[in-house]
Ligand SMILES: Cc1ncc(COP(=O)(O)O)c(C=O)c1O
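The chain below stands alone and is given in structure tokens; this is the form predicted alone.
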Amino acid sequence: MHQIPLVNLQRQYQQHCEEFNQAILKTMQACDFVLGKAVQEFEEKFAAYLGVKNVIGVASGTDALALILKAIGCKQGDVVLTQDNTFIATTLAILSAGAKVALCDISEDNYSMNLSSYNGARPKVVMPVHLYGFPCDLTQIEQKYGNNVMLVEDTAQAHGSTIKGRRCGSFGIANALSFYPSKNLGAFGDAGAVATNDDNLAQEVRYLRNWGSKTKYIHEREGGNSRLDTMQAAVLLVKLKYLDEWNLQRNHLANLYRKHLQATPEIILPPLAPEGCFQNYHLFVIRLKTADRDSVLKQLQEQGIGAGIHYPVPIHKQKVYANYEFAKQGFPIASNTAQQILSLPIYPEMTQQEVECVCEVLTRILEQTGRK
């Protein structure tokens, strides 16, 4: 039995435990728990990393999306267009802001939003998702809508990915990031951030995350409570120093996977980033052409390989949205790929031997399946 999880956070902690422990202990000793010094320091350093003027730490990536939409004035009836193959947090955030969800299908070759598949009402906001860390083509938005829509990037999985030298998360009017523990830059719990070059929008998000208040007990907006915890900011400050190094290691592991799987006829490898772009390989997602994906997944897991599916059910087929207008529309590419995709283990601390083991087990399963 092999033991290769999809993500190995224990190994990452073990390699940097002294730094993590010191950062947490420092926060505990200072009793600096809410909007503390580490929050401001992380906001400043991450803004510099992204190349934006403002980063505002919030409680989660979902909150980041919702707060952006509220801050830019989305109201009932405003259409926010996103893609069908995202995690449900993207659409839940739209609805929580009071806006209307519209969906488009995806491109088969890179799993990113395909605006040519959308013929509905003009949206107020277009929200592309840099899924798996692959940088979405943003030029199609300008080509279709010009400057008549707002761009809000869902950068939850794309920490460090770039488009022609600029970080994903620096293009839109505002951009949402998640620091869920399994992300390339992950906290020790839920955490997120809003990134923007718009100072007024940044100030509005600061109001909204903190009870509509800039001065304690003086409330100027109908805000809520969505603050980045100081303890999480302290952990993120430690990890931020290693993010680029970890992303390069993920690319090395992805190249190993490509080397060992390229001759397997059943497998469609992940797309390569366009020239001038960099993908962080948050996930390494293959497709199976004809094999029963669920059977292959089960066999991998039975042998200790922590594979997964991101995501098995497209948004328009989720039960919670059964009565929504978009549930009646067809999204054939997103629906088809959801039955074929398979996420293989990838994390910076993974060894070459572990990659080779995953490839060997997967190839053997596919060969046995083909002989049946």
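Residue positions are given as counts along the sequence shown, with the first one as 1. Quick caveat: nothing in here was measured; it's all calculated off a predicted structure.
Just so it is clear, the following notes concern the form predicted together with the ligand, a form of the same protein that is not shown.
Student: Is K183 part of the interface with the ligand in the predicted complex - any heavy atom within 4.5 Å?
Tutor: Answer yes; at least one heavy atom of K183 falls within 4.5 Å of the ligand in the predicted complex.
Student: Answer for Y311 alone: is it within 4.5 Å of the ligand in the predicted complex, judged on heavy atom distances?
Tutor: Result yes; Y311 sits at the interface with the ligand in the predicted complex.
Student: Is it the case that T90, even though its partner is missing from this view, gets within 4.5 Å of the ligand in the predicted complex, heavy atoms only?
Tutor: Output for T90 is yes: heavy atoms within 4.5 Å of the ligand.
Student: Although the partner isn't part of this model, could you tell me whether L65 comes within 4.5 Å of the ligand in the predicted complex, counting any heavy atom of the residue?
Tutor: Heavy-atom contact with the ligand at 4.5 Å: present for L65.
Student: Exactly one residue in V129, L208, A187, A97 has a non-hydrogen atom within 4.5 Å of the ligand in the predicted complex; which is it?
Tutor: It is V129 that has a heavy atom within 4.5 Å of the partner.
Student: Looking at A191, A174, M113, V235 here, can you tell me which has any non-hydrogen atom within 4.5 angstroms of the ligand in the predicted complex?
Tutor: By the 4.5 Å criterion, the partner-contacting residue is A191.
Student: The ligand isn't shown here, but in the predicted complex, which of 44-52, 327-335, 57-65, 22-30 has heavy atoms within 4.5 Å of it?
Tutor: Result of the contact check: 57-65.
Student: Using a 4.5 Å heavy atom cutoff, which residues in 154-174 contact the ligand in the predicted complex? It's fine if the answer is none.
Tutor: Contacts from 154-174: D154, A156, Q157.
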